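Just one chain is shown here, as structure tokens, and it is the form predicted alone.
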Amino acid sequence: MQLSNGGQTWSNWAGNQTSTVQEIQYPDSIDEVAIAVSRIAASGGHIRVAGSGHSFTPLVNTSGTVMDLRRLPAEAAVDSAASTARVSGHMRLSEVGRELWERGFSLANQGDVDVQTLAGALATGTKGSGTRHGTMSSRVRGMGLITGAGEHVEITEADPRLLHAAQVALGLLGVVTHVDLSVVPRYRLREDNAVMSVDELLETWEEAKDGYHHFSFWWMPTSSSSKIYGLPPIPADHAYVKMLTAESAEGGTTVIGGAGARSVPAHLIYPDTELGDPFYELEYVVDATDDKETFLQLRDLMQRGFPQETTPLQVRWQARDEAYLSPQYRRDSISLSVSGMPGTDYVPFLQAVDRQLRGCDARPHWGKLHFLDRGTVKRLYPALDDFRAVRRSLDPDGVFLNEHLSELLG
């Protein structure tokens, strides 16, 4: 095992979360992971596992040990008859997509970027868009963990209580060694992206959101807003609309067409924008019943109250699921995200968005900025006590807790 000892600094991608840690560990095997967890637990220490560092919240921050799994062997295997895949938790989504494609399968849906580790994406409830698709976590059928006692545990569908806790767990149940995912026969996606005025968007809204494999959009408050994500110039108060149709896998891995009109293997459709300078994103998830009205209210808030903010407003849809800490828990949902820009006084704007959406019982994407406290979490997550009970059973000494998560979840 490789170690970095004494006063090491861990930082996330955006640079807004930094910790001075006791050590950073790079284990070479699952057995080394188990031994390290047992040793740290026996000494009363704490561990947080780092994925790609793509979260904006202090999920990894600790004064104890950060564990980085990049040196572990990566494995992917498919059970074609069951349409499931067992994949190493530390693999990047880009690697997962490639490995599945080579075996004749694809993920049913995914988010806008593919740099995250699989375990990190699942732990925070990462998702794409499409009214027929749940989050990536909703596709988890099982998981291997090293618990707070350093023991190997297999979670399966045979115990729904453990499974629903593990699907979105914030790294609190243990070190994820592998994940069993429901997968689908491989397919391609065809883009029919377009720039629309708000009137055009509203006119096509109902038909489009249910008519595509993926339907989402970025609304641009200013004519410079599209630069944040590397999109082409788009007029103010217009939307860049993403409309993706699933197609046969025929054509192999060939990329057909140009930006906004491509036909590509499903796992290569993302990322379709450029991540340039860091930004600090907030994303809240609300009931999809009033999706149009919620968008228009947030648009009005930005135009009237914060005309200086240039961040696009992204809107996406997801189907309900059963994961205890999922923002989509038992409700079909719409997610709305905005960003603050480094070097600006963005906090009042994000707080105003928080106040606007709190009235909709908004739940956050756990990896993105939010303003929740313990009381609000308790109110918003009906199955919180079920999750807490599972967490205590797998990590009774709180080895995987940090200050941020202790304050939120107890």
Ligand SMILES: Cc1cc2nc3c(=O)[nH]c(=O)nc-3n(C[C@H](O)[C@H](O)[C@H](O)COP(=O)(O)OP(=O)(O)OC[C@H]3O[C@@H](n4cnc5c(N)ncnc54)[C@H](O)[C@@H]3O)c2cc1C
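As the structure is a computational prediction, the values presented were derived from the model and not from experiment. Counting begins at 1, following the sequence as shown.
The same protein also has a form predicted in complex with the ligand, omitted here; what follows describes it.
Visitor: State yes or no: in the predicted bound form, is some non-hydrogen atom of residue 340 no more than 4.5 angstroms from a non-hydrogen atom of the ligand?
Guide: Residue 340 lies outside the contact set for the ligand.
Visitor: Since only the chain is shown here, I'm wondering whether residue 171 would be in contact with the ligand in the predicted bound form (any heavy atom pair within 4.5 Å).
Guide: Residue 171 belongs to the contact set for the ligand.
Visitor: So in the predicted bound form, does any heavy atom of residue 235 sit within 4.5 Å of the ligand?
Guide: No - in the predicted bound form, heavy atoms of residue 235 and the ligand never come within 4.5 Å of each other.
Visitor: Looking in the predicted bound form, any heavy atom of residue 327 within 4.5 Å of the ligand?
Guide: So residue 327 does not count as contacting the ligand.
Visitor: If you check 266, 239, 181, 121 against the ligand in the predicted bound form, which one has a heavy atom within 4.5 Å?
Guide: Spelling it out, the residue with a heavy atom inside the cut-off is 121.
Visitor: Taking 4.5 Å between heavy atoms as the contact cutoff, choose which of 40, 34, 357, 69 touches the ligand in the predicted bound form.
Guide: In short, 69.
Visitor: When you measure heavy atoms, are 46, 388 and 394 every one within 4.5 angstroms of the ligand in the predicted bound form?
Guide: Zero of three within 4.5 Å in the predicted bound form.
Visitor: Picking from 22-30, 362-370, 375-383, 344-352, which part of the chain touches the ligand in the predicted bound form when contact means heavy atoms within 4.5 Å?
Guide: Result for this chain: 362-370.
Visitor: Given a 4.5 Å distance limit between heavy atoms, list every residue of 29-57 close to the ligand in the predicted bound form, or none if there are none.
Guide: Result: 48, 49, 50, 51, 52, 53, 54, 55, 56.
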